[in-house]
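Okay, so here's just one chain, in structure tokens, the form predicted alone.
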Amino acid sequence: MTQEQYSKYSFLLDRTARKVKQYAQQQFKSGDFDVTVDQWLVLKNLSENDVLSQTELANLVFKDHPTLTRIIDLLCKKGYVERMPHPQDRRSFQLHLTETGVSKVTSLRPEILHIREKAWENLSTHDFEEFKRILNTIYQNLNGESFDQ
């Protein structure tokens, strides 16, 4: 494959990823969800992991610490997330969803699933599996771990 072809594929991948995120952000705004896409990722990951340190959460949502701190501050202010002192490390906190946060995740999950399904319209299960295989290969080529879900 030529350098120009690689460049075109990289552009296509980047353009598509941006469009998916842009579409989701538009839907979040028009749906009056009271959270952004990035805030949703934090809520979703906390709902799936119960209690996490900020470092663990940062790794799951691919955010740097200052950015994640701002997101957590906003979610705490909204009453969705709570910081608890870490039992073994007084310098750090553990994060968990409040009851309000659990309710928010429960109510938004079906709507967000619907938003995500929009991108997969007109694609078969085979298309999805092949797409996942290719993305995992690219990711592994760059020394990342495979995502098998």
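All values derive from a computational prediction rather than experimental measurement. Numbering starts at 1 and runs along the sequence shown.
The same protein also has a form predicted together with the DNA, omitted here; what follows describes it.
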Per-stretch contact check against the DNA in the predicted bound form, the hit in 61 to 69, 97 to 105, 43 to 51, 115 to 123 (non-hydrogen atom, 4.5 angstroms): 61 to 69
4.5 Å heavy atom contact, Glu82 to the DNA in the predicted bound form: no
Exercise: Gln88 in contact with the DNA in the predicted bound form, heavy atom 4.5 Å: yes
Contact label in the predicted bound form: Gln22 to the DNA, heavy atom within 4.5 Å: yes
Any non-hydrogen atom of Lys132 within 4.5 angstroms of the DNA in the predicted bound form: no
Residues in 121 to 141 close to the DNA in the predicted bound form, defined by a heavy atom within 4.5 Å, in order: none
